[in-house]
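Here you get one chain, nothing else, as structure tokens; it is the form predicted on its own.
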């Protein structure tokens, strides 16, 4: 793996006429400005050098220089280096080569900025709408700065998403947009031959909230953490930390070591309750409600603990730019130790029961298989990747907060299936408890928990921060602005890359395994109670109730 000097010299040497500028923000952050004509070629070179694709950021620079910008970001995991490849095209001809044919996980990012900015990507294999509603008017791109943040075009009639073509001889089983196994609206069209899955298509983003646009136009830097933690009902501390770190990096703000330790404690408390929540949901999806009830019973004291630390059971309001809002007192320290000790003791019993249960083995082993090579190719993250023998973890690979002083293991398995995902989450819960104990033991006894800013944050500085959420890596990218608010704020949650891998996980499996395969990536989807099955060969259609669907899944045990 190359170091930062090797990356710089390699790109300068091979693409001398295309690299416009190189900015080394610090030993872990590299920004490379290039001519757009070489974007695909240089992106492929970064992958060949060992880079892993993270996310792309589109931005409106029209009022400044008449361009639309695109920033493809990559990570070099073994060296802890993030690289941002920046380029732009004129607003009058917003066209550049797509990198999706070589880096498939870039597909959604490029489609997103076709919708939101009106960009075009030559060679994109699936240039369909992603973010905008199907009845949104053509030519109105809401992330452009001349579009008001509260624009609400009138709804249109008889407009619907056009599914991908179903393979010949297969039937379409629509799962969602409301479904017992999906806790938020999303639509999977599953193509089946009998009970065997032969393909699928996905239509989501039905509750797109426009948070990035809202925060770029209506809120200030210090207000945004309270919105950021509402991106996800589970990962509040994760998003608030990632956003705050991105601003702190861009603005050159250094927070106290004590605040970094408190952030680490909050992040690991969040991981413990999230993994226990998921374990219960996974048990429910395969008809094993004892796992559900025990996991959630063990989880509940963690929620009460969060309330005693922060004043809130969830959406804690704890992490802000410059540090944290509440301290860990000696009394709270003892409370935390008592609670995590009890959780550890009870979870050991559940772990032993799960690992010896043959029914759980039958429902998860070999299910949702994706090869390690495809996991890398599709840039999957978190427990989904680690269960498929991809050894990545932002806490270890790109240390932030107090993780540089923590000793912990990163569980990785090579069965590449849902069973391995379950094991990763179980073992990570014990590692989180180990990290919390280290934090309480090593945390400095004094020092401020919040650093006050001495001067305004300068404009047009770039900051990229990643945090390892329970579901996988969260990425926040901030370009600072001139009005005490970001010029651009881009959020990429782990479900974003992992959902793009679901068609691979579904392929070749049985219809009854759809709930646990989708559930294994831990998407936050809401639910209602039915689905419709249509046989294209006979034209017959029937509706399955929630009870019938649950029985279909549970009877496979």
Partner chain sequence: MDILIAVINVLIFLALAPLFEGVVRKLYAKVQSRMGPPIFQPYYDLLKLLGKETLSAGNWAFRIAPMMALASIITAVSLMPLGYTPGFLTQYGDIITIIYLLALGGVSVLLGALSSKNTYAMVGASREMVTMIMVEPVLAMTLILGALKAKSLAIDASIASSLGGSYGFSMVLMLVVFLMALQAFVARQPFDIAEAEVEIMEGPFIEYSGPGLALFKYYMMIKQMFYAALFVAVFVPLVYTGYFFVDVAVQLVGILVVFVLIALLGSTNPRLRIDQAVKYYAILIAASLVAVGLSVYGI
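Positions refer to the first chain, counted from 1. Predicted model only: the values in this text are computed from it and were never measured.
The same protein also exists as the form predicted in complex with its partner chain; that form is not shown, yet it is the one meant from here on.
Looking at 311-319, 336-344, 279-287, 143-151, the stretch with residues near its partner chain in the model of the complex, meaning non-hydrogen atoms within 4.5 angstroms, turns out to be 279-287. The candidate spot formed by 118, 383 and 490 lies out of contact with its partner chain in the model of the complex, as no residue has a heavy atom within 4.5 Å of it.
Put simply, residue 172 is close to its partner chain in the model of the complex: some heavy atom of it is within 4.5 Å.
Though the partner is left out of this view, residue 522 does not reach within 4.5 Å of its partner chain in the model of the complex, counting heavy atoms only. Interface membership of residue 61, defined by any non-hydrogen atom within 4.5 Å of its partner chain in the model of the complex, is ruled out. When contacts are judged by a 4.5 Å heavy atom cut-off, residue 195 counts as touching its partner chain in the model of the complex. Listed residues 499, 47, 512, 30 were compared with its partner chain in the model of the complex; 512 is the one with a heavy atom within 4.5 Å. A single residue from the set 367, 390, 253, 350 has any heavy atom within 4.5 angstroms of its partner chain in the model of the complex; that residue is 367. Shown here without its partner chain, the chain has 357, 359, 360, 362, 363, 367 in 357-375 lying with a heavy atom within 4.5 Å of that partner in the model of the complex.
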